[in-house]
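For this one, two forms of the same chain are given in structure tokens, first as structure 1 and then as structure 2.
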Structure 1
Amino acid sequence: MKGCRAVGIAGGAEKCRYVVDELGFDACIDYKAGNLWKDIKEATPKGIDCLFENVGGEIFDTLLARMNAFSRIALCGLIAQYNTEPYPMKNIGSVLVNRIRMQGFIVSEHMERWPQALKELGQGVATGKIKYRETVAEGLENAPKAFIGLLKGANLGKQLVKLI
């Protein structure tokens, strides 16, 4: 849509370069750089209208403070909170004040759409319209290390374990 900006949030300079240079986002914020609020504010000068949230924690809380009135949030995950105590949200009041529409979803609730989605996604990958990366760990013995790395953001793209 004309006038819209796509902003990604990634952990590390390499991931941010990939998001901008390869995936075509307008900007990418390195949440590990230590300037989260400043960088988000700079990347979203007009605020945020739509948020696809799958991280949670401090990043989500900071993004809530940049949401515009009548904005929307699709909540599909909270990975930052899966192995820690719940994050004490400071900016949850933004949902009320800005009349934000937030809805969680689980992909398995829509299995009747799966065949069509697979077809469209497959075509997107085949034509290069959809780009992806994978980080592959070799052997089942490396699965625990790969999983811990996934939770720490060590992977680039989907984390897989190849059983040899």
Structure 2
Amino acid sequence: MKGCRAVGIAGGAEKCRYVVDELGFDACIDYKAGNLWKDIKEATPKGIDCLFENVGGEIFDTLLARMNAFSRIALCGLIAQYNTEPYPMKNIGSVLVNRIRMQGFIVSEHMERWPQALKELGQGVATGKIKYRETVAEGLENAPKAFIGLLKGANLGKQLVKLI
């Protein structure tokens, strides 16, 4: 949104530099640096009004403690919680106290809007308004290595496997 401060969260200094220098975010938090609460607090001096949540677990829980009154959360994914025990959220009370509106969504429920979305996204890429990176592994034999790298965050941008 125009005029809003945008803060990203990415794993590692190189990805954070990319998010700020190339994607134009105002700040980026390296969640692997070990100072999650301090870094989130410094990056969001006025709290958080809108959160697009992709990760879950400790990061989401910590962000909950920075949400403003009447703020909103679009709950897209909980990737940190998929292969582990359920995460015991400590700050869920923030949803009540701050009257937060949280809405989950599943992209396949909106298939009727795909043609419009693809058109707009395609135009965004063609005009350079949308920037992206890909990490491409060559050949099916390199897919397992690429997958393991993905779980460790070795990829920058979308991890693809090129079948040759």
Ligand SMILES: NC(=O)c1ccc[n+]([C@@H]2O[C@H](COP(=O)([O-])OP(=O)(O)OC[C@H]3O[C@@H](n4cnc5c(N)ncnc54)[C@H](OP(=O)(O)O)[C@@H]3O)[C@@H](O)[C@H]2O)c1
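Counting starts at 1 and follows the sequence of structure 1. Under this definition, the rigid core comprises the largest set of C-alpha atoms superposing within 1.5 Å between the forms. All values reported here derive from a predicted model rather than from experimental measurement.
Each of the two structures shows the same chain on its own, and it is structure 1 that derives from the form predicted alone.
With the core held fixed between structures 1 and 2, Ala13 has its Cα displaced by under 2 Å.
Phe25: CA moves less than 2 Å between structures 1 and 2 after rigid-core fitting. With both forms fitted on their core, the C-alpha atom of Phe147 sits 2.3 Å from where it sits in the other form; this compares the forms between structures 1 and 2.
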